[in-house]
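Only one chain is given next, in structure tokens, and it is the form predicted alone.
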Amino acid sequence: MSLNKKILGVIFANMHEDVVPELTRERTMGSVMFGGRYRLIDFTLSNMANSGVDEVGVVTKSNYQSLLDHLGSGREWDMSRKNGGLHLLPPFSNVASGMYRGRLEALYGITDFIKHSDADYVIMSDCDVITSLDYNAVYNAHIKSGADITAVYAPCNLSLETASHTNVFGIDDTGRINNVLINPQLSGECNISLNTYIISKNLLLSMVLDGAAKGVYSFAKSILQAKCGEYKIMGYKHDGYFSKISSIKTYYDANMALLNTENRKNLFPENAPVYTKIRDNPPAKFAIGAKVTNSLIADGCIIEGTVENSILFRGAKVGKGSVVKNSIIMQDTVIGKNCSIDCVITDKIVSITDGKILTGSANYPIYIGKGAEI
């Protein structure tokens, strides 16, 4: 796949961190681990790479050391280039900007980067939505409709909990967005924003500079909501599989959904692979007597006990006699002997000593922080 116009990709790595403070206390939203071997940013960045977007800026704010380690030069996404490629954009890129409060202020901080690109259009995306999306189709719809802004949305049966961290679009018969609700208190079938937008570079710069002059910082409130009658904002309906992270429960559910074969096929289509940083781990090792059912086991894991309906990240270890069910066990976590683990999320490098019993529920999974010892 290749876009026939020069496109600049902009990924916001720190947006929506407040919805999962447990996971983002020491990392950006983009570097939150997912699905056994990936980070959330891998899906957005791979979508851009697969669509032919070869110049991407990743906007950071804080706690971005793990993100820098993960992305490196961008080689895994074929973005280690002399021209274009991957650019990591820490805060204060613009001497006149401060620590940003919203998308417009973040863009103001990287105005020089945007100006120096020879792109005609900009695709902006966050890292809280996990999906496979072809930006060629979004771009073609944008050009065909003559829109000022095209926003990607998807129909979704919304709950009150998830609605409080979601933007909802009202869309007329022509596909134009005529109403924007920001974090509404409602439930039911809605058209929710997937936080992906395409806009011409010149119009975006005009909006950003105007916003800086007026002291406004929210793209959703000051542009999408306040000016949906002034600008032609069209919706692009995404019919594919997606998960949106809006709480620790939705994070848990999104991971558990990967145990369904059909969901994995939809999220990882053969023609659009998801790239990530490679670690030189040995294959997973299953000891005599180990039992594993309906689980995703990453490379480098050592399983001596029983694992059911769970996701184990690289280098995780399950000791003899231990039973792990319905859980997400992150990288390099060690579970000792004769433990019982059910509906638990462990962060990286957690140590659970012999004989421990930890039981949560699907609605309220137990979270254990990075480096903890139980």
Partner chain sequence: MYTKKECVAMLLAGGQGSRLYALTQDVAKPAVPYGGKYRIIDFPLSNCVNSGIDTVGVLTQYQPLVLNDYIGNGQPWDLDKQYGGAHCLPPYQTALGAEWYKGTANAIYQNIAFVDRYNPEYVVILSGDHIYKMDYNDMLQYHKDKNADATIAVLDVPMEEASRFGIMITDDDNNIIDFEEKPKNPRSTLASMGIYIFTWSKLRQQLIDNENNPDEDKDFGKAIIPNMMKAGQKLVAYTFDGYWKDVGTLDSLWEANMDLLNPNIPIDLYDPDWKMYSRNPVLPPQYLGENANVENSMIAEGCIIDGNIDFSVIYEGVTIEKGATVTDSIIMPGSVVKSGATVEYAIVGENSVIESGAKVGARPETVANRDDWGIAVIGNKITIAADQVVGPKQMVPDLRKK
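Numbering follows the first chain given and starts at 1. Here the structure is a predicted model, which means the values were calculated and not measured.
The discussion below concerns the form predicted in complex with its partner chain, not included here.
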query: Heavy atom contact within 4.5 Å of its partner chain in the model of the complex, the stretch among 126-134, 279-287, 221-229, 198-206; finding: 279-287
query: Contact residue in the model of the complex, from Ala141, Val274, Ile171, Ile114 (heavy atom within 4.5 Å of its partner chain); finding: Val274
query: Candidate from Cys156, Val292, Ile248, Val216 lying within 4.5 Å of its partner chain in the model of the complex - any heavy atom; finding: Val292
query: Contact flag, His238 vs its partner chain in the model of the complex, heavy atom cut 4.5 Å; finding: no
query: 4.5 angstroms heavy atom contact with its partner chain in the model of the complex for Thr261; finding: yes
query: Residue contact check: Val180 to its partner chain in the model of the complex, 4.5 Å heavy atom; finding: no
query: Interface membership of Leu89, its partner chain in the model of the complex, 4.5 Å heavy atom rule; finding: no
query: Within 10-40, the residues that have a heavy atom no more than 4.5 Å from its partner chain in the model of the complex; finding: Gly35, Gly36, Arg37, Tyr38
